[in-house]
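Next up is one chain by itself, shown in structure tokens, the form predicted alone.
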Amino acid sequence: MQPSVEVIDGKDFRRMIAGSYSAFMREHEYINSLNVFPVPDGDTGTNMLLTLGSVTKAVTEAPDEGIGSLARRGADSAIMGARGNSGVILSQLLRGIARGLSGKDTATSTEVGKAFQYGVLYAYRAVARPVEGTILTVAKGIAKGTYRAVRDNATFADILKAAINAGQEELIRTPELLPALKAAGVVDAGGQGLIVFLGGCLEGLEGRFTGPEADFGRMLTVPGITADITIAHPYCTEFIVKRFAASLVEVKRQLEQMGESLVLAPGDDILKVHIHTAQPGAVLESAIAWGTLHDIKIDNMADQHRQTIELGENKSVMPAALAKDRAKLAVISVAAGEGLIAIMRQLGANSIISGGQTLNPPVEEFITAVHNGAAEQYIILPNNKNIVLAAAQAKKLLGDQVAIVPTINIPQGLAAILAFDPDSQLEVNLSRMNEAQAAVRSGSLTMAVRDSTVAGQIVPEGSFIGVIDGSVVVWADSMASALKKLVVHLVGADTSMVSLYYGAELAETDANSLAEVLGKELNGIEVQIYFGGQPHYQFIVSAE
């Protein structure tokens, strides 16, 4: 085969991203349906769709024309808008692509193909403990297919086709590598999402758009800024880079494209940065490569402007609430449901981010919570296994300002916050909170959203199912029977109390009746019931 002289430019990249978003608009519900367990939280497709929505908006509206700068804008927006594990992994794929295209106005098909290989490598590295049979198995297959096509100097369309074919071969194998997939009779949802992404890129490159029209009107609005306050670069961002090991000229070149009022104060192995920007996360993501970040300070000038208007022209007067010292340490907790949010606040959470099953908040919400808060450092409680990676990405951007206690459910989060002491040092709190959350035994009760097979038995759609650590352990036709079976699985010889948090779909009288019956049957174990208000799950249960 003769070497290709094909050149890919910024317009081609825009079409590929638009094509991928269009493909996800068409396919995300199908990807959701591939969820392994019959619980109503199969949101892999939705998470990837919303992540790509952030990317597509940024790339579509960007004034840039070069493929490298467009790829960078897309990657920055993906990191800020990433939702759930699948969204974070997708954001890292795009970050790798951007690194491979960095500094290029146009690129050959071979260069773009190599950039996609970088993307797969970044996606693989995003997961601390890779498991075969997941999205990462498909990613490795895609990397191999891409490598072979790049080596043969194929056109980029053919490189994408080779990557898709190789990825599909690995996708078909995922049920053989992961028993849970085989038992459910599905392939890996995240892996299917990667195939849809590449297929959409191919459709966009070739000008074939078959999905609904994109609507970005509701995507990525900047929190806290209303239409009557028009500040183009609303975040005053300052930080120090220690062990500074980059070119000052290159740093200046990058930051000049991200905002205004740029001030760089270099010293011996140190750099102080001040900039007004609309994308503080993008600035910090760039700065990570220059050294270690310290003393990060981000102020929302639109909010300051609004407060100035509200307080009047007398600047010598400052309300006590604005003048008080910042707390040293506070907690940011994720929760869904009016009752659970209220409980978290009562126990001392400084900020609540709405999220949980089927509702995975983006990285941007964690960063906004930190920026708008009044503490020097924060401990994040994700309270859902599909939110842990987004929290970790926020920590990567914010550095020492944030720590994480990797809680994967609400009872763990409640146990952790009960152990929190704002007057103790960060490391002491992390030790106590991790120990407390690890001791909790918890489960949840919901309804099967489709027929499934669990432990060799058929669980019909509409059955009540009890879930522990992501696995369906009990099921029954009645809620009372399923709840009792679930609690029996959770209690041990040392259990003294069972806490029930009932969801939005249950009436208080019905929940209390179930708790009363359960208390009589547990023989000496105290049963407490609280209003959680969580969606989809009739009960969240903890045994202590």
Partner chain sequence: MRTFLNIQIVIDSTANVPEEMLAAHANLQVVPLKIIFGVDEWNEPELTTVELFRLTREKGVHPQTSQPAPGDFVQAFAPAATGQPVIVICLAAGLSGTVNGAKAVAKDFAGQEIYVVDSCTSAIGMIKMAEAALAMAAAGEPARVIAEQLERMAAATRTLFIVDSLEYLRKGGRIGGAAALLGSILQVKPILTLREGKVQVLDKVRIKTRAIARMLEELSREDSLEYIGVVYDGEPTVVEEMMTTIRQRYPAIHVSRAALGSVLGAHLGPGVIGLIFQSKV
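A quick note: this is a predicted structure, and the numbers were derived from the prediction, not measured. Residue numbers count along the first chain shown, from 1.
Keep in mind that the form predicted in complex with its partner chain is not shown, yet the notes after this line are about it.
With the partner left out here, its partner chain still marks one of 242 to 250, 346 to 354, 106 to 114, 365 to 373 in the predicted bound form; by a 4.5 Å heavy atom cut-off that stretch is 346 to 354. Relative to its partner chain in the predicted bound form, residues F464, A504 and Q534 are all farther than 4.5 Å at every heavy atom. Put simply, of I172, L418, I270, V428 only one has a heavy atom within 4.5 Å of its partner chain in the predicted bound form, and it is L418. Of the residues R432, K395, H276, K144, just one reaches its partner chain in the predicted bound form with a heavy atom at 4.5 Å or closer; this is R432. In the predicted bound form, at least one heavy atom of P422 sits within 4.5 Å of a heavy atom of its partner chain. Interface membership of V488, defined by any non-hydrogen atom within 4.5 Å of its partner chain in the predicted bound form, is ruled out.
The closest non-hydrogen atom of E521 lies beyond 4.5 Å of its partner chain in the predicted bound form.
In the predicted bound form, its partner chain stays beyond 4.5 Å of every heavy atom belonging to N512.
Contacts to its partner chain in the predicted bound form (heavy atom within 4.5 Å) from stretch 476 to 502: S496, M497, S499, Y501.
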